[in-house]
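There is one chain below, alone, in structure tokens, taken in the form predicted on its own.
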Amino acid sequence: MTNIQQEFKKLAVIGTGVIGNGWIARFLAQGYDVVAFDPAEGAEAKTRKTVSHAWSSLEKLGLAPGASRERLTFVPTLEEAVSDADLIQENVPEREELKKNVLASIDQFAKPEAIIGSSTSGIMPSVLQEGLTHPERFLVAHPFNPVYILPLVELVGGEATTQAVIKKAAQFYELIQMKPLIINKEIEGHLADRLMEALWREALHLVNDGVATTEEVDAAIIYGAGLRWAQMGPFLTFHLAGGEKGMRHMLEQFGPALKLPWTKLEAPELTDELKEKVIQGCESHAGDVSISELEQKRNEFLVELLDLVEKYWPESNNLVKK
């Protein structure tokens, strides 16, 4: 057992919505004891159902020794959940004051050496750690849905977060088969969500302006850019677009086009008409396939795709800076 494994024995999850349950499934699959707290009625039943649905995908990915769904415990109070935890993952709704209040309670009841990670998708860590007694052990640890399959986790420290905590957190998330991406400069939305939001805004404009349907927008990504991005991302993809001279030629050739008004950076007004276009488009595209069935198809696809990604980007290509 490594030093990091010895330091992280019990994990706590506060807030068991889609993201919180995803963390629980991943933690259990990696052989940890997990304590969860969520005051919502029926939270435990929903969590156990989610974990059961995720388990077949986790089995395909490979369970760690000792992995068991029985190692999950729900407790009636936040204090019981965090008091003995070595790492606490907060996942309450994306409302600043709510998160700060919950984090203050976690900070009060957790042992001083415990690390607190927030799954916030947009709030900067310096804002969330204001008023904490031990702000140095707090950081953003932002995952992507489904957390139990997708390996990326963005780690962002605030002004008071120590580098030692960021390093230890990165080692832990790497240990549970994730790809920790340490972001050294705070910004709203962090990194990946800002990129996805830009594409989402443009997609809404295309639908709103009648250029394409929701299904056509999805097809443009699925059979075009998305396939390349899964292997190389946008920069290496464009590096290849420049031929033998790579990015140098690509920028010389296509750089001027960046000044053309091809895209609209501001989001369109989310009118009732646009909402209905998007909603009806998605429902028509999905047809008779339920959300649960779509999730299962997504999971099966992602498990197979991850195997392919690892084949072409082996484990040596690690995001953590040693």
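From 1 onward, residues are counted along the sequence shown. By rigid core we mean the largest C-alpha set that fits within 1.5 Å across both forms. Quantities reported herein were computed from a predicted structural model and do not represent experimental measurements.
Quick note: we don't show the form predicted in complex with another copy of the chain, though the next part is all about it.
When another copy of the chain is considered in the predicted bound form, V278 lines it closely, a heavy atom lying within 4.5 Å. Under a 4.5 angstroms non-hydrogen atom cutoff, another copy of the chain in the predicted bound form has N145 among its neighbouring residues.
Contact check for S121: a heavy atom falls within 4.5 Å of another copy of the chain in the predicted bound form. Residue contact with another copy of the chain in the predicted bound form: S56 places a heavy atom within 4.5 Å of it. Checked against another copy of the chain in the predicted bound form, the candidates D209, E97, E113, E159 yield a single residue with a heavy atom inside 4.5 Å, and that residue is D209.
Against another copy of the chain in the predicted bound form, the set R48, T77 and L175 makes no contact: no member has a heavy atom within 4.5 Å.
You can rule out all but one of 130-138, 69-77, 103-111, 146-154: in the predicted bound form, only 146-154 has residues with a heavy atom within 4.5 Å of another copy of the chain. Contacts of stretch 211-236 with another copy of the chain in the predicted bound form, defined by any heavy atom lying within 4.5 Å, are made by V211, A212, T214, E215, E216, V217, D218, A219, A220, I221, I222, Y223, G224, A225, G226, L227, R228, W229, A230, Q231, M232, G233, P234, F235, L236, listed in sequence order.
Relative to the superposed rigid core, the position of the CA of N299 differs between the shown form and the other one by 2 Å or more.
Positional change of E188 between the shown form and the other one stays under 2 Å at the C-alpha, relative to the superposed core. Shown here is a form in which the CA atoms of K297 and R26 lie at least 3 Å closer together than they do in the predicted bound form.
Here's the thing about W229 and V289: their CA atoms end up at least 3 Å closer in the predicted bound form than they are in this form.
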